[in-house]
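Before any questions on how it binds or moves, here is one chain, the form predicted on its own, in structure tokens.
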Amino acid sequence: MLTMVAIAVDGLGFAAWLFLSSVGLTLIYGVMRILNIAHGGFYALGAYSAAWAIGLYTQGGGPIAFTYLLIPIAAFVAGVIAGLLVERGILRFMYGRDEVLMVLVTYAIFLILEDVTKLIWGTESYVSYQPALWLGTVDIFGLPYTVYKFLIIGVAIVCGLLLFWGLNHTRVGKLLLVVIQDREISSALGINVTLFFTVTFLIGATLGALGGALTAPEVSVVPGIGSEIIVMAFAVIVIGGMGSIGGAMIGALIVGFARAASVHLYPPAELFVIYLVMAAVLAFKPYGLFALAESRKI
């Protein structure tokens, strides 16, 4: 019984973290058709920014409650600045190129961002446990869990609902869906596709940074933290269907519960089970569970 409870809670917590870290990646692919490997760099920038800001603030002796405001602020600043530099400085010159070339370009940007984090924050680890510790723990069937874990689950649910509402119930969201469906016709209809590209990329980069910033209080932020997440984020969006927000949510839940079950039942297969699930899904659904329909041009 306790094992099932642990799998359920840990799986839900891991799924929430994966969704926050991968939804920006699938959003960028859905609109811009770019497999953005640099997303791992935005995640790392968010984690370092939040850990650094929390550490600097707590050294001053201020109330811990304010650190919960520092996390989204750090993510927003890191995501917008880095996203704007990358999109306006590099990617806008590459639009329309082959998708394989874009993978190589974003991989190069990811490596650059990795070095940027080292130049700014050095190679030492950053620990910002105060926000996770301050909220305390809660017992579920005798198993203690940090309240902060449930805060991340709540943030993931709110982000998912906001994205769903924004895409389906606002004028801008509906125009964005038109751009996703066909960029050429959107441009012919007078929609400023370039502006949508820039805004979408900034939102995706900020969501990636938010995933890292929310994770910072629970882990030690070290160089290479972006490499780990980009692999799992790709697994999530491939399972759910690239470009699908709902697919990212389902993919995160599948990977989260699969990993939690492996951790509690057979730990050596922790990573193997993620790729096993991905291979099983792709064997029956080559484009993922909820892949967006591609328009056929004649």
Partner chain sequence: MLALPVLVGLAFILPTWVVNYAQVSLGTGLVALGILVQMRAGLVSFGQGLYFCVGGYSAGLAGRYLGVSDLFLLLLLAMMASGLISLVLGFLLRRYREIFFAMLSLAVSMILFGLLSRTEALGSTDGFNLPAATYLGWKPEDDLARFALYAATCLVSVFCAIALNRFLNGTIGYVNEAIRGNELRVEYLGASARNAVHITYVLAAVVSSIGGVLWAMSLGHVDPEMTNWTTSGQFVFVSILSGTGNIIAPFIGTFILEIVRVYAVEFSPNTWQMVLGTVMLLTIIFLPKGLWSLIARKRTSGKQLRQPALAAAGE
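Numbering follows the first chain given and starts at 1. Remember, it's a predicted structure, so these values are computed and weren't measured experimentally.
The form predicted in complex with the partner chain is left out here; the points below concern that form.
Taking the partner from elsewhere, every residue among D115, K118 and L282 has a non-hydrogen atom within 4.5 angstroms of the partner chain in the model of the complex.
Figure note: of the listed segments 62-70, 29-37, 247-255, 45-53, the one touching the partner chain in the model of the complex, with heavy atoms no more than 4.5 Å away, is 29-37. In terms of contact with the partner chain in the model of the complex, the residue from N168, S227, S125, T194 that brings a heavy atom within 4.5 Å is S227. Of the residues given (V138, L177, A108, L133), A108 alone sits with a heavy atom within 4.5 Å of the partner chain in the model of the complex. Although the partner is absent from this view, K149 stays clear of the partner chain in the model of the complex, with no non-hydrogen atom inside 4.5 angstroms.
For the chain shown alone, M278 is a contact residue for the partner chain in the model of the complex, at least one non-hydrogen atom being within 4.5 angstroms.
Although the partner is absent here, M242 sits close enough that one of its heavy atoms falls within 4.5 Å of the partner chain in the model of the complex. Looking at F290, you'd find every heavy atom of it more than 4.5 angstroms from the partner chain in the model of the complex.
Along 245-276, residues P267, P268, E270, L271, F272, Y275, L276 each place a heavy atom within 4.5 Å of the partner chain in the model of the complex.
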